[in-house]
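Just one chain is shown here, as structure tokens, and it is the form predicted alone.
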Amino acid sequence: MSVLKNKATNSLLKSEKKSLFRFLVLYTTMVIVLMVLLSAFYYQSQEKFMLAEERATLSKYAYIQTKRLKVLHHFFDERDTYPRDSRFRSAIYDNEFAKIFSLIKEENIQFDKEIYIADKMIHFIETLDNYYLGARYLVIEVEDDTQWRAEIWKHIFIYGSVAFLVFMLFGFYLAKLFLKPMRDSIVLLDRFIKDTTHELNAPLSAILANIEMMDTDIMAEKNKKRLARINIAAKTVSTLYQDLTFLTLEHERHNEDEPVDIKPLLEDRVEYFNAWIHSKRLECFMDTEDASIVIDKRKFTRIVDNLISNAIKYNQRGGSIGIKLRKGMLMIWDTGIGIEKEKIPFMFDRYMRFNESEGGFGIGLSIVKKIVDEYHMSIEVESEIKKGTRIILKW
């Protein structure tokens, strides 16, 4: 029991893994979007802070340059050289934004802003009250020291990485917390299956043994029908018992791979389910050729039993089932209720059932898929509502 419990606790079921994966994908996407928005806000705020600091310096440069323009304006006849400064470059524009004179490198001026960054340059625009030299706007340009930008990206990377790690750890904890009830239910269900399987063995073996020993020749016809129904019910429970045993004891048993002759095995399993087939008035078509596969015979029997029993269980009364065997291919089809196309990818999930009117734990097809994957076989499902299902196994 402890082995099963530890196994169930330490390994998440496929459905739980999917739920955890989907939650983490959605949560991670939301975290990334949030981090990007916060990073953009931080970058813009730091840029504004840098420009605010530069504004004081550039305003002083503009004041100095304005004084020089005033002197040049009044003494233009004696001086005709535009004032220059090693600390900055400048340009003057008239009231119509037409250039009068320019020393700046980036001449695509944004007159609607006071200070801004343009192609690695910082521009400061001063509106002149007096039209010295006919100028209305004075533009001061300095080189953009990109070191501030490198510092910002450094902070974003460091703090962002730490925040992302904290968010992801919290998200993973949150996901595990939300999934804990599901995990506990699965562990409880697995424990129940193990206990149920153990209790089924003795009475089921006794029922099947006594059915085989009964002399039907001396029975009344109505008693024969009752015995047949008992036989069908017992074999149905027996199939379920075999599945439960496979689930609970699989980890304790090593594979015994051998060449399995499939044709006689199919005939034997059809004969095993023959009473059930007749009780639903089904017509069984068999088109089999000699074929073999190297596999654990017990596991291949589980595949065949589950596919045949599903074809019978979910079939309509008076319908048909068919078995087609070729080298490297086994196909089992029915004329039953069918499965919606969008549900086909989930039909192999454990405990998944699409028809509540039929019994079972929903574990048969999950066992089939597990064995198919283990032996690197492929399984294809074709189904249509109210027309039937076709399952094709290839190896």
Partner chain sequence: MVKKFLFATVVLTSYTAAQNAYERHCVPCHASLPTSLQGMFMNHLLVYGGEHNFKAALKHYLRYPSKDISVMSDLFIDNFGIKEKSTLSDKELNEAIDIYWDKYKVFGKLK
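Computed from a prediction, not measured in an experiment: that's the story for all the values here. Heads up, when I say rigid core I mean the largest set of C-alphas that superpose within 1.5 Å between the two forms. Residue numbers count along the first chain shown, from 1.
The discussion below concerns the form predicted in complex with its partner chain, not included here.
Put simply, of Leu174, Leu72, Leu265, Leu188 only one has a heavy atom within 4.5 Å of its partner chain in the model of the complex, and it is Leu72.
Proximity to its partner chain in the model of the complex, defined as a heavy atom within 4.5 Å, singles out one entry of Ile295, Leu282, Ile232, Ile92, which is Ile92. Partner contacts here mean any heavy atom within 4.5 Å of its partner chain in the model of the complex, and among 216-224, 94-102, 139-147, 267-275 they occur only in 94-102. Among heavy atoms of Leu133, some come within 4.5 Å of its partner chain in the model of the complex. Of the heavy atoms in Phe167, none are within 4.5 Å of its partner chain in the model of the complex. Not displayed here, its partner chain is kept clear of Phe111 by more than 4.5 Å at the level of heavy atoms in the model of the complex. At the 4.5 Å threshold, heavy atoms of Glu212 stay clear of its partner chain in the model of the complex, well away from it.
Positional change of Arg79 between this form and the one not shown reaches 2 Å or more at the C-alpha, relative to the superposed core.
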